[in-house]
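Have a look below at one chain only, the form predicted on its own, in structure tokens format.
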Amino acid sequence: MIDLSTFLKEMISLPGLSGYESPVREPIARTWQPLVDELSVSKLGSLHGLRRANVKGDHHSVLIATHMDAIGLMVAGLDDGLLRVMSIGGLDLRILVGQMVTVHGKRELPGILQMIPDRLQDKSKAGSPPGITDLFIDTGLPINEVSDLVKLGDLVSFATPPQEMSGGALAGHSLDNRASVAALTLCLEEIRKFNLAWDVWAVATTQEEETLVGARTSAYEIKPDIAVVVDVTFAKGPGVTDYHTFAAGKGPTIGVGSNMHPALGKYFKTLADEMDLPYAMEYMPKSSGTDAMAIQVSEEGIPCAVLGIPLRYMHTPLEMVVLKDIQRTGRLLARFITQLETDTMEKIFGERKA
């Protein structure tokens, strides 16, 4: 049986920046191996786990997408032995100063993200949040050693260790979106002994934070009949509007909007009600900001649902999630998959998919 906390802490202790996901793909593949019938890696590095249907002849397929890549930094220059950086993915620059990082040069180097002290700043910048060009990394090494060990383009990942919090919460970097990978893994474990009417493709996608190409190419290769994208969403906190955020510890969200097929959203809502599983409806009239944006328009078009796991402090080196929200998301996915029957497409969509 998978220990959720242990598995999640292992994933969020690893780098796996967008476009460079191999460090985190290995433990995911190792954990998925006994839970699927077939495991493969796409040409762009996404992990594909296939759980085959137990029916003969033609049958439908569903893709469950969770991205495994993380935000981080890349070395952009050397300045008096200090490393200038540029971002990989969307970073909240306001809280980067003072964070510990790992520089992946010829060997891994600990570093501190810093900027010029406020009292030494030009008056026009004093008291203002830094821009990416204001930041640098100090490894503590002299110029000649840094120049030998680090080159332009080397990766920089956050070094925040996982921290178990009170109330069943876990904090650390890269919970966006490895929390969803964990939910999918729990789902695979729960459906392990079920006879399935559909093929189930579990996919840990690459490059969601930058290009969405992992999801786009995996959907094109697999050609599923429908897809479910699981990602994180903003958890409530002081000073933010209720309609933009959702209570942590109160279950997943079910997306409603242009990237989601309304019939699938309604189907998930019905399942959650039947399970007496807490959830919230998340309204996204524009884009969802998830892999659904790419999957939806792959091939001739793929109907998508989007589930969200509430997360605090998104796109920072110290995010936080409540473990029972991950567990509930995994249970909802498992119920969805085990309820799929040979005529489910007609029941959900009628004679047409859209």
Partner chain sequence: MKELIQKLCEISGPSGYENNIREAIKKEVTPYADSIEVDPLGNLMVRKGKKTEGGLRILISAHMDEIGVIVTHVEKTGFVRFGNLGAAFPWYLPASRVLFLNGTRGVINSEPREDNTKVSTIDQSYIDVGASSPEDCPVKIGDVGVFERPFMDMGTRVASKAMDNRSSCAVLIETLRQLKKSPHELVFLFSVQEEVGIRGAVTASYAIDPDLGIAVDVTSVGDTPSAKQMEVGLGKGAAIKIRDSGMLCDPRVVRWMRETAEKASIPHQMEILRQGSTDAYVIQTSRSGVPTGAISIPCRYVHSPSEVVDVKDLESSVQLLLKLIGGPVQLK
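Residue numbers count along the first chain shown, from 1. Please read all numbers here as calculations on a predicted model, not as lab measurements.
Keep in mind that the form predicted together with the partner chain is missing from the display, and what follows is about it.
Colleague: Mind telling me which stretch in 79 to 87, 273 to 281, 92 to 100, 115 to 123 gets its heavy atoms within 4.5 Å of the partner chain in the predicted bound form?
Modeller: Going by heavy atoms within 4.5 Å, the stretch is 79 to 87.
Colleague: When you measure heavy atoms, are 9, 164 and 264 every one within 4.5 angstroms of the partner chain in the predicted bound form?
Modeller: None of them does, since no heavy atom lies within 4.5 Å of the partner.
Colleague: Report the residue, out of 192, 151, 244, 107, that has at least one non-hydrogen atom within 4.5 angstroms of the partner chain in the predicted bound form.
Modeller: Residue within 4.5 Å of the partner: 151.
Colleague: To verify the annotation, which of these, 225, 210, 138, 145, has a non-hydrogen atom within 4.5 Å of the partner chain in the predicted bound form?
Modeller: Comparing distances to the partner chain in the predicted bound form, the residue within 4.5 Å is 210.
Colleague: With a 4.5 Å heavy atom cut-off, would you call residue 133 a contact of the partner chain in the predicted bound form?
Modeller: Output for residue 133 is yes: heavy atoms within 4.5 Å of the partner chain.
Colleague: When the contact criterion is heavy atoms within 4.5 Å, does residue 197 count as touching the partner chain in the predicted bound form?
Modeller: No - in the predicted bound form, heavy atoms of residue 197 and the partner chain never come within 4.5 Å of each other.
Colleague: Using a 4.5 angstroms cut-off on non-hydrogen atoms, would residue 44 count as touching the partner chain in the predicted bound form?
Modeller: Taking the distances in the predicted bound form, the answer for residue 44 is yes, it comes within 4.5 Å of the partner chain.
Colleague: With the partner left out of view, is residue 217 within 4.5 angstroms of the partner chain in the predicted bound form by any non-hydrogen atom?
Modeller: Answer yes; at least one heavy atom of residue 217 falls within 4.5 Å of the partner chain in the predicted bound form.
Colleague: Across 10 to 31, which residues bring a heavy atom to within 4.5 Å of the partner chain in the predicted bound form?
Modeller: Residues within 4.5 Å: 18, 19, 20.
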